[in-house]
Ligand SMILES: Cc1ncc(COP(=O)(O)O)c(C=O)c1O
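Only one chain comes next, encoded as structure tokens, the form predicted alone.
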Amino acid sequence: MSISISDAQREFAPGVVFLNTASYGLAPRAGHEAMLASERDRAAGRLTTAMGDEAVARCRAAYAALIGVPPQRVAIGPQVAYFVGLVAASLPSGASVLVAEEDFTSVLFPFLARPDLTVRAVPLDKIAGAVDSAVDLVAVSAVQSADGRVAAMEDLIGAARAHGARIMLDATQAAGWLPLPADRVDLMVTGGYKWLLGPRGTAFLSGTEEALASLPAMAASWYSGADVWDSLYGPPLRLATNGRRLDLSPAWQSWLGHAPALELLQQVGVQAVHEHDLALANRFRAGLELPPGDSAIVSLPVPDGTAELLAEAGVVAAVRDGRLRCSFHLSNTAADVDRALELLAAPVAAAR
């Protein structure tokens, strides 16, 4: 079943003009209620492990459908850095990793924490051209956290394939609003609490069968067993043979709260969300006399205190890397954009 943007917006009830999805996503009503209900059930002794298992299965299926890969090639965990750490741990000593120098540290630190790897950082707009035969892995965010720049993913895929390098994309600032080549990259990691509208504590890893099989099950547990409820006690090792081999035991409440949000995004469709988000971001850019862009995130220089000025007037944005960062998503409307532009007129003029 598909629904319209306007129908989906009825699921949200923000108390402010919220332009901060790049920090965390607003919970749709059904997701919020599901998470609250899970805590009420826990307090009353009615929460069951079957509820958690069902929620994880729903999340895995919905996420897989959103990005266009089979569910069996999706692993679940609590955060992106765990999955990036698995990728870093899989590399042999002396391997060469190419990264974007401006990238979020959860993408960079797991590789930099291994002194036996060669990590080379280049500007994002030069990363595709920097791929050569010495590169074993390219690790980069599909969309930059600080300013919303979108990586040239098609150029990157072409360069990596030409030189035999693998690609790991971090889609935390992209999945949910930006169509992604998830079926054509080796590995993709995604935090669930931003554009996927989930609570903190959900993350996903997807990839090709070959790339997933190359990752070590460093945190293997009962939940990564071939049969979860027959993997509780004793040897031998009996892990799942697909992406679930890399699962971490889930915080049930987070997954119960995330399932309705992912299913809402699935009902709207990534392409429709992309068109909606980008239209609002470009309305915002036009109001600031900026050229149109390709990102749902807009970053601009403003005087110190501008974010606080907006917050006092009920508009929530963020400051990253010394610039105001506004992000536009499913719950936002043209009226939100216009309210922000009204408040930013004087600060932007002062900055210019």
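Numbering starts at 1 and follows the sequence shown. Since this is a predicted model, take the numbers as computed values, not measurements.
Quick note: we don't show the form predicted together with the named molecule, though the next part is all about it.
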Single option in Ser254, Gln266, Ser106, Ser224 placed near the named molecule in the predicted complex, where near means a heavy atom within 4.5 Å: Ser106
Ok, Val80, Ala220, Ala160, Leu124: which has a heavy atom sitting within 4.5 Å of the named molecule in the predicted complex? Val80
I'd like to know if Arg184 sits close to the named molecule in the predicted complex, meaning any non-hydrogen atom pair within 4.5 angstroms. no
Evaluate Asp170 for contact with the named molecule in the predicted complex, applying a 4.5 angstroms cut-off between non-hydrogen atoms, and reply yes or no. yes
Might Phe111 be said to contact the named molecule in the predicted complex, defining contact as any heavy atom within 4.5 Å? no
Whether Arg200 contacts the named molecule in the predicted complex should be assessed with a 4.5 Å heavy atom distance threshold; does it? yes
Just one of 85-93, 206-214, 190-198, 272-280 has residues with a heavy atom within 4.5 Å of the named molecule in the predicted complex, so point it out. 190-198
